[in-house]
Structure formats: structure tokens, C-alpha cells
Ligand SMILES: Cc1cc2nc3c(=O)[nH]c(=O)nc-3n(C[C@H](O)[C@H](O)[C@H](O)COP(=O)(O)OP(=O)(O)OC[C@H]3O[C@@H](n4cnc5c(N)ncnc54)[C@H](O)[C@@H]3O)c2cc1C
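To begin, one chain is listed below as C-alpha cells, in the form predicted alone.
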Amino acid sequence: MTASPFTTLERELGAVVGAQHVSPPAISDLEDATRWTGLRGNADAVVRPGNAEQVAAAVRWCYDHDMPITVRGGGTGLSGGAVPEGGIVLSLERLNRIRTMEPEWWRCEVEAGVTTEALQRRVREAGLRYPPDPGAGEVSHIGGNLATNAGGPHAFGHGVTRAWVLGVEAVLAPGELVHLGGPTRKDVAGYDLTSLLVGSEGTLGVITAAWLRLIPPPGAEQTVIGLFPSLASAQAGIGGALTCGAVPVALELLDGGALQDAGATLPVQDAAAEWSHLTDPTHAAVLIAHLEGDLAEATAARGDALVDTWQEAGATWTAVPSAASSSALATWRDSVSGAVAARRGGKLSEDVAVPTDRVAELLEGSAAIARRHGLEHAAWGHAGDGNLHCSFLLDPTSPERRAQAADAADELFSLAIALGGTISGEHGLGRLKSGHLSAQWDPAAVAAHQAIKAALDPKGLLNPGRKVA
């Protein structure tokens, strides 16, 4: 009798990673944070290696057997990138060591399965800071952050994940463990393969560890809030924040649709009293700026300059919360996505980005698209980067509504491109945006993507169907 595919996998890969670390997939292994869309994959097995050498051996086995590989971290992705299409799920959850923490040299080396929050906690304990702050930090993995080149609110001032990567350890096809870059802060000896792998969504190699750059924490911080009566005035507020000398490291925006839901989730505490204006959804947008500096007095002066600028731009209300209120405000901002989704039970939220001076046009156009498709709309995100989560609210149990939202998303991609932007500012393409690259890039540029993929993954087994499909 011929052995079943899983029996063969269990025996042969179990010999590499341990039989207890090869299992049939559970439902949770076949989904990611896009599960509300109904997207669920299939796989023959889940393989959980315990170190980089086992990852290399597993990739080598898959290459020998023409077995597709879907790399999985914390499953927090919003583009379906961790949803498998056959083959194995290569879960890196056991690669969870912080190998070195060297605060005296402002660097550390961490494995791919370390959660964002665990790393940031260790870095804080060492008296330093790792600025990237993508969402779901308690669950998301560093490897996934690197694979998608994750952003977050402070990417405006501090850069996306790639800016903090000194080097990576990775497995390339057909199962070779390589080290690119490292603790050296400058290296131009060869092609920048580190940056090529970071953001490649696991399609060019499997990142198993990374050397990361750290910095000291700021000496002073300040938050400024402004409520705007129109998108035009909010656009002026964004421009003013860039030109008045305030130099924010984060510049966030919530439109009226997001305020409609998020305003009701303000914390019931004394600190919330000063934000009572945020419960009014009739305003077009709220801007929230976070400032950092070495000296409290100078940082406060930059905050005052921003308040003046926003009032001149038409803000109907501005505030400079206390440190405690600012911390609570940041927590509230993180809750916006869930609060918006709760209105109808689900949402299709796309991470398009446009030039900063065209944010208002993106918001107006996205809301118009929603109206044409009979959908409710909300938007929020990183105004300083022009990267907004334009969301179409829907009942996820309704196939009709899901189809309407998908059609609306296609129009949104076209709008973003027409405005000089991109179909993905931080989530990546995954499976949900597979096939859309040609809408944004010239044919020769798409061909260059395909050539790189073919060179590094000639059998097309690494996260197939992503990025260049």
C-alpha cells in the first residue's frame, strides 16, 4: 500500500524537526487575519522547525519533492500572505530566541519567531528603543514584519522595518543557509540582498533571524490633536505639520466614518474628558501628531507651533494631552480597526498610499466608491506617509456584500494609482492582491520582478502565488 502524503511527510520531515513538530493542519493554520473574507487555504502538513538548520533541511526536502512552502509567522497579516495553497505550512514559531542583546552597541540579533512586543520589552529593559510599531505587537512576529517590511504610525519619522535591519540570516532555495549583512552598520560590498529579502513576503527566501539597529529613547515627547471640519482643512493641517517646524514622528488621521465608531470607545477615565470632542462624528477628520525631542522645553515649543498652524488651517479644536492621556490616546488609536469592523461585523480594509498632498483626494474618492457600491465607509491611518486604511464595511456572512466590497477595492486600487500612489503601503500583496502588480508597474518592471523570482526560486515553491503572480 502506498503511504499517504502526510505519512511520508511525517516520517521524513519528522526525522529532521522531530515527529511531534509535524502535524496535520488545524483551521488556524489555514487562515490569517483575513479570515472574515472567507479565505481559507489547504495544506498537507504543518512543519515547525526549531532552528535555522532545520528550516534549511525542510526547504531542501520540499525542493527535492516539488512541495510548495507557505511560510507562517503570527498569522496577523491582512493580505492573505500566510494562507497556504497546498504543500506544507512552514511555521517559524519555535524560532523565538533573542540571540544577543548588545545595548552598548545599539544592536541585537533576534530569531524570526520573536513577537514584536517581546522584542520591544527586552529593548526597553536594556534602556533603548526599537521604533517600528506595526499592529498586533503581542502576536505578530519579527520574521513576518521583515517579510512584509511592516510600517506603523512611527514609520513616518523613523522609517519602516527595513530601515532598522542590519542583516539577515535566511534560507535560500534549494535549502542553503546564508548570512547577509550582520552587526556591521555599513556594507556596500555586494548587491543589497538584505533589502531585497525584506519586503519580499517570503517569495525569495525564508528569513530565520535578523540583526536589528536600536536607538536611545527620546528625552521628551508631546502629542497634539486637531479636529477639522472638512477634508480640505485636514489636508492643510497635514501640510502645515510638515512645514511649521514641528517635525512629528507620527502623524495619524481618522475620518468622520472612523470617528463614528471609535469615538464611542474612548476610555471611561478622567483622561478622556479632554478628548470629548472626539465623540463628535460630524467632523471630517482628526489629526494626531506625536513629537519627540531631546529637551522638554524645545519639544513643547514645537507642539505650540503645531497648534497655531492647525488653528490657522481651520481646526475647530486642538489639544495637547498630558503624558498619561497621550499614552491612553495611543491605545485608543490602536482600537480603531476593531471598533470600525464591529459596526457591520466585518470590513474590507485596504492599505493604499498616495503622495501626502493628495490624501484628501484619496479620502473623497474612496467614500464616493463606497457610495456607488452601496457600502458604508471609514478611513484612518498614517497621514504623514499618505498611507490610509480605506475600509468598506459589510456583513461578512453575505456573499453579495463581500463581492461588492471586492469590486470597490479594485476601484480603490485604480484611484490610488491614478493619484500617483500604490496599491499597498504596508500590508503587502499576499493572496488578496495577487495579480494586481501589473496595474501599478510598467511591463519591464514587472518582468524584472519575475526575473528575480525565477533566479532565487526557480521552481516557484516559496510562497507561490504571491507578489508577482
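Numbering starts at 1 and follows the sequence shown. What you are looking at is a predicted structure, and each value in this text was computed from that prediction instead of being measured.
Missing here is the form predicted in complex with this ligand; even so, the following discussion is about that form.
Look at 369-377, 183-191, 296-304, 81-89: in the model of the complex, residues with non-hydrogen atoms within 4.5 angstroms of this ligand sit in 81-89. The contact residue chosen from 240, 131, 205, 386 relative to this ligand in the model of the complex is 205, the criterion being a non-hydrogen atom within 4.5 angstroms.
In terms of contact with this ligand in the model of the complex, the residue from 349, 233, 76, 223 that brings a heavy atom within 4.5 Å is 76. This ligand is not shown here, but in the model of the complex it comes within 4.5 Å of a heavy atom of residue 152. Contact annotation for residue 396: none of its heavy atoms lies within 4.5 Å of this ligand in the model of the complex. In the model of the complex, this ligand sits within 4.5 Å of a heavy atom belonging to residue 71. Taking the partner from elsewhere, residue 148 is found to have a heavy atom lying within 4.5 Å of this ligand in the model of the complex. The partner is not shown here, and in the model of the complex the stretch 219-235 never reaches within 4.5 angstroms of this ligand through any heavy atom.
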